[in-house]
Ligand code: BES
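Below, in structure tokens: the form predicted alone, a single chain.
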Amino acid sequence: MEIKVVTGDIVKTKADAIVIPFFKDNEQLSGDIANIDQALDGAITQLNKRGEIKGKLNEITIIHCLGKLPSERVAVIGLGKKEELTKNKIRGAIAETCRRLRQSNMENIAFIPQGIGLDDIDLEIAAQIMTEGALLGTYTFQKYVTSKEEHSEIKQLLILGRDDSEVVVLEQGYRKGKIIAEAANLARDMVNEPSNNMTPTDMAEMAKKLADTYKLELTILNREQMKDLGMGALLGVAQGSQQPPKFIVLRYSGGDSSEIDVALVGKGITFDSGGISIKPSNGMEEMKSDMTGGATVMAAISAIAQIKPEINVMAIIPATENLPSGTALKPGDILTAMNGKTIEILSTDAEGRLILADAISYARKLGAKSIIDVATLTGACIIALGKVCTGAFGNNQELINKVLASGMEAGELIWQMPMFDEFKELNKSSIADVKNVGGREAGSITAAQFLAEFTDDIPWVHLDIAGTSMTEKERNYQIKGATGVPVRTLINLVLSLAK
């Protein structure tokens, strides 16, 4: 889909469909919608009186113009009550509308900026969130489908400004929205790939492609280099697989100093069988998505490199498979992490925290001033928060607050979980410094407390995206499969830290 910002009058625009908003309890039409209604001989007013257009959120009504307007159709989209409108509702409404028009084989559509003056929405923000909604909502992953789509794709989407000065501002918002949405879609692509085509080596190749495209510094450590650094936890997980592990580091330098302002660490288990503590076969195919954290931080830093904030950011991805074999890690084994701490293995299916332990230790060694890690870490987080919220855990309330605010701005719901010292006791081992499972109770919290053992009190936030990384149904701008959460949150966070 090509998105363009142009000067134009929606009433005079020629397209397969022009799109106008309609609010619930809209008693009197005004502006563009009134002019369109008049050209259609009061069709919108009549449909509203009959209850066929109610203005309910995401309600879409298509009216054929029959030569009364240059456009062939008018799509009236419901935005709910005006006082309840939010940026995220606009994203969702734009996404639903674009999919509906695509299903009707409409290839050229035009919008006016939505929600101006409401929920702190100005022209630039309107263009950004509309672009995000359109690109996220029309995402598809059809790489391995050989049959043709039943509908055509939207070829062109126009965002109309009234004059050249408006177009300049809208263009800025569109560019930012495009970068952010395409980053989320990149993460979706990586996660939706089958694990045979998204191995640790494939992740490293993707990192190289991003580094070349966006001028990022790239380091890829092999098994021997990891061994030299003492990454015993990561190598312990990797020893059951024939695929070589990769420790991927991407670096964006936008600040004045050489310090790493923030390290984004992402879990990169490209397939998780559970290892010797093997998972049930039912649903195991979804474990190709256990590298979502790694895909997330790679996509986020690619967008950051394009937006160019004045801040230094590092993305770290420990990538490996977790498989059972004659050489695999076993329950009862003891590993030594990069920071020297010893770990008793109770379950080889609690492997994500092991590879993150070495990645966080690496970020600390390089002097990162703050760390955000992202991982599909625990089923316990799904029990606690369902598939609605990402769980946030951390040791610095100021940084946690910034993460929560960045998620709210992106429309990605995040809920802070407790980190009381009493939970830490559950991870104590009698034969090592710590064990990798704290028991059935508070499983997402004890997993976070395990990670905290390796942060050394550096400001740190852990995001458990086990429930939010995938969705089983299409809703608003989320499409079945990988969601791209929390790419946009991380981008917002880095931009806020840069300010």
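Remember, it's a predicted structure, so these values are computed and weren't measured experimentally. Quick note: we count residues from 1 along the sequence shown, nothing fancier.
Not on display, but discussed next: the form predicted in complex with the named molecule.
Chemist: Heavy atoms within 4.5 Å of the named molecule in the model of the complex: which stretch among 285 to 293, 360 to 368, 97 to 105, 149 to 157?
Modeler: Flagged stretch: 285 to 293.
Chemist: What is the one choice in Arg188, Lys246, Arg353, Arg91 with a heavy atom within 4.5 Å of the named molecule in the model of the complex?
Modeler: Spelling it out, the residue with a heavy atom inside the cut-off is Arg353.
Chemist: Report the residue, out of Ala315, Ala233, Ala181, Leu377, that has at least one non-hydrogen atom within 4.5 angstroms of the named molecule in the model of the complex.
Modeler: Checked against the cut-off, the match is Leu377.
Chemist: Residue-level contact is defined here as any heavy atom of the residue lying within 4.5 Å of the named molecule in the model of the complex; does Ala448 satisfy this criterion?
Modeler: Answer no; every heavy atom of Ala448 is more than 4.5 Å from the named molecule in the model of the complex.
Chemist: Is there a heavy atom of Val169 lying 4.5 Å or less from a heavy atom of the named molecule in the model of the complex?
Modeler: Output for Val169 is no: heavy atoms all beyond 4.5 Å of the named molecule.
Chemist: Is the gap between Glu321 and the named molecule in the model of the complex 4.5 Å or less for some heavy atom pair?
Modeler: Taking the distances in the model of the complex, the answer for Glu321 is no, it never comes within 4.5 Å of the named molecule.
Chemist: Would Val437 count as touching the named molecule in the model of the complex under a 4.5 Å heavy atom rule?
Modeler: Answer yes; at least one heavy atom of Val437 falls within 4.5 Å of the named molecule in the model of the complex.
Chemist: Suppose contact means a heavy atom within 4.5 Å; in the model of the complex, does that hold for all of Asp373, Ser406 and Ile458 with the named molecule?
Modeler: Not a single listed residue reaches the named molecule in the model of the complex, so no.
Chemist: Even though the chain is shown alone, can you say which residues of 265 to 295 have a heavy atom within 4.5 Å of the named molecule in the model of the complex?
Modeler: Going through 265 to 295 in order - heavy atoms within 4.5 Å of the named molecule in the model of the complex - the hits are Lys267, Asp272, Lys279, Met287, Asp290.
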